[in-house]
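Take a look at this single chain in structure tokens; it is the form predicted on its own.
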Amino acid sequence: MKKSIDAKKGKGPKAKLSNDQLLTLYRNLVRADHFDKCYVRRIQAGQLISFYHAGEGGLAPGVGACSFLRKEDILWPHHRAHAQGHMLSKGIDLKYYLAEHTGKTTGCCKGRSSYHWSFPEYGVFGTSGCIGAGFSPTVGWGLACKKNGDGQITMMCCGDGGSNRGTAHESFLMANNWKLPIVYLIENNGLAIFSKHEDMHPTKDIADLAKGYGMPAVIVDGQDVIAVAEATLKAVEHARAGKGPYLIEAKTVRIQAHGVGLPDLVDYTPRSKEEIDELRERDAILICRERLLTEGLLSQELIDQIEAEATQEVADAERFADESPVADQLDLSDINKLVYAE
């Protein structure tokens, strides 16, 4: 299946990014790539207690959307790469997340949840193994943000498969009727596990849904982290101003199979090496790097420094996780304390 990127530009001026913001996007993209490769390597070596959905090819939407959120903004991240790009971009220290994936007591959920993360101090209140399950709680979070009245917003991220849930339509309807400060990010890589987008959705663009709810929408090239960030800043500004929800569809790609160890199929047919090589030609890091080199914001020395820092950050996280104690069996009282607020 050949994957093309057809990004429509939204109306109005783009958000202008500073040089520091552009470098932040590149740095976060490199960091997310290093962590993704770490998880793939570790699960293949039997060093994770859960499955893993590799993020290669599809990291830019999460990085672009989350790098400039406020700490108090609420985030439901996408499951691709287990949301590492989303969360590190929001400021979360991923060593606690890796410890969670290795079943250690220092993990963000005490080593009991693996992939089901929670960082409430950063506005990340958990996830679900049910893809797209964030649509319903997003309405509640959005209502809470509106009542708080301080410009707080909720961002809900999912893939093209998750957007097919019936709750997505209920969420869009209520969010626009109540003018809730919600940004919906649909990370469309054209595949829902093995199923092609065109077999699962009646139109080429998921963003077409927004018109039926009176909600503004934009389609961006999800391989261009800068374009995603520019679109997100505009959408967030719209939501913070009390104008209601906004939908962003980021056309991205998926290089690996849906999950590490699964066959890489489209319907019943394996994807070819030629197809994957073609997708790799639009590597998000290379696209961002080329632009920043052209604009004089990057040098080879700085590129090497960012790579070294990312390598060290991952090594430190692995050391922290490997040296942490294994989570023991819980009794019922411990489980209740971890599940329910006091």
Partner chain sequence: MREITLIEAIREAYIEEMQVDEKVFLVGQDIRGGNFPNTTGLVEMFGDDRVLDTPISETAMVGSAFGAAQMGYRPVVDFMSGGFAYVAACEVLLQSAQHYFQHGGNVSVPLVITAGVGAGLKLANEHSVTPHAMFLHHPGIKVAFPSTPYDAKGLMKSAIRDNNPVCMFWHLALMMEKGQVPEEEYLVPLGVADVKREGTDVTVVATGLQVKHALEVAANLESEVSVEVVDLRSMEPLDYEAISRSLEKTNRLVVVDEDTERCGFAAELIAQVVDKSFDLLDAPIERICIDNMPIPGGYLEAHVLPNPAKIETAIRRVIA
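Predicted model, so just to flag it, every value in this text is computed and none were measured. Numbering follows the first chain given and starts at 1.
Although not depicted, the form predicted in complex with its partner chain is the subject of the following passage.
K.L.:
Is its partner chain close enough to Y115, F194 and M200 in the model of the complex that each of the three has a heavy atom within 4.5 Å of it?
P.N.:
Each of the three qualifies.
K.L.:
Any chance D150 has a heavy atom within 4.5 Å of its partner chain in the model of the complex?
P.N.:
Output for D150 is no: heavy atoms all beyond 4.5 Å of its partner chain.
K.L.:
Although the partner isn't part of this model, could you tell me whether D328 comes within 4.5 Å of its partner chain in the model of the complex, counting any heavy atom of the residue?
P.N.:
Yes - in the model of the complex, heavy atoms of D328 and its partner chain come within 4.5 Å of each other.
K.L.:
Would you please decide whether F68 lies within 4.5 angstroms of its partner chain in the model of the complex, comparing each non-hydrogen atom pair?
P.N.:
So F68 does not count as contacting its partner chain.
K.L.:
Hey, in the model of the complex, is N164 touching its partner chain, heavy atoms inside 4.5 Å?
P.N.:
Output for N164 is yes: heavy atoms within 4.5 Å of its partner chain.
K.L.:
Scan A257, I131, A144, L173 and let me know which has any heavy atom within 4.5 Å of its partner chain in the model of the complex.
P.N.:
The residue from A257, I131, A144, L173 that makes the contact is I131.
K.L.:
Looking at I49, L302, L297, I285, which has any heavy atom no more than 4.5 Å from its partner chain in the model of the complex?
P.N.:
The option sitting close enough to the partner is I49.
K.L.:
Would you point out which of 101-109, 204-212, 245-253, 173-181 contains residues with a non-hydrogen atom within 4.5 Å of its partner chain in the model of the complex?
P.N.:
Among the listed stretches, the partner-contacting one is 101-109.
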